[in-house]
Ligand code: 3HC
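Here we start with a single chain on its own, the form predicted on its own, put down as structure tokens.
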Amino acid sequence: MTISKVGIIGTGTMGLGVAQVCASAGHDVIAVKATPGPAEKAKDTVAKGLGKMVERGKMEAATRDAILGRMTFTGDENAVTDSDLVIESIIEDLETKKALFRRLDQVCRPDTLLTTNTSTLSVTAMMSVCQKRDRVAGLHFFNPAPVMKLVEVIHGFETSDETLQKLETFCNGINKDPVIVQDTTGFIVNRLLVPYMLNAIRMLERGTGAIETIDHAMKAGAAHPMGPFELADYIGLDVVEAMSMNIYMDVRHEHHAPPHTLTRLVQLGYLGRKTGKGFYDYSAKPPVQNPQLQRPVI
């Protein structure tokens, strides 16, 4: 089977990014809005982003129009039933994802590949609710999906070699760099990256260094494009906390549990760039350390 038609369920930042990548590579895409509200709003978001690329001279208007022409936006989940590949990108909650996979397993073609874009949750747990488990796998893209090259192709417990091969070929065809990963919580990148960010937060709590100092040290000393606090704010502190808890619940090692400061910031709604304040205050240009963090968070 050649993958031609791709269904994307979830039109948040990641879902729309993946949809754009697939359409840019020539695939017909059905993008399903999984939350209440008009589906056309998602189309407007993609069109606006592509329009900026045209304005900057990075894309021809004809290319933008062709990409949008290959994308269909809807609120009807059943619109993906005839897809060759479905990529789930909804809320990062295992029970919600399992319920979706149970429905997809019943309504999609027997040869449709069913995948999840989860960053840390168990692919095997989602697979467990399906009858045809060999076609279920993970396709973990990284944000922003149109820019980041890596895709983790996750091998669930009963994922077939044929499914993995098809997904690897698909990733190469959309100009991505796939790596095959066993179904371990956090996979490769987040299993390494989350403890890195948590350790930086604990260093802050111990007074080892200020936020700007730790970020500068990792950029200047390890050639990282972002420091750990900049990265956490970019990802979203709620997402970092959720990934931390998912890994912690699997390994039950305190090293992976969310630090106190991270939990307090999430409780206060300071989620990083998307809310204008996290470890940094983005109302200032350039951003400055969140003034609340100049004293201990209790």
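Note that residue numbering follows the sequence shown and begins at 1. Not measured: the values here are computed from a predicted model.
Here the subject shifts to the form predicted in complex with ligand 3HC, a form of this protein not shown in this document.
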*asked:* Against ligand 3HC in the predicted complex, would residue 231 count as a contact residue? Criterion: heavy atoms within 4.5 Å.
replied: yes
*May I ask you to check whether residue 159 falls inside a 4.5 Å heavy atom distance of ligand 3HC in the predicted complex?*
no
*Quick one: does residue 146 come within 4.5 Å of ligand 3HC in the predicted complex, counting heavy atoms only?*
yes
*Interface membership of residue 265, ligand 3HC in the predicted complex, 4.5 Å heavy atom rule*: no
*Which residue, 42, 235, 32, 247, has a heavy atom that falls within 4.5 Å of ligand 3HC in the predicted complex?*
235
*Which one of 58, 260, 252, 48 is close to ligand 3HC in the predicted complex, taking close to mean a heavy atom within 4.5 Å?*
58
*Candidate spot 9, 37 and 103, all three in 4.5 Å heavy atom range of ligand 3HC in the predicted complex?*
no
*Which among 163-171, 223-231, 122-130, 199-207 is in contact with ligand 3HC in the predicted complex, heavy atoms within 4.5 angstroms?*
223-231
_Members of 185-200 lying within 4.5 angstroms of ligand 3HC, judged by heavy atom, in the predicted complex_ = 190, 193
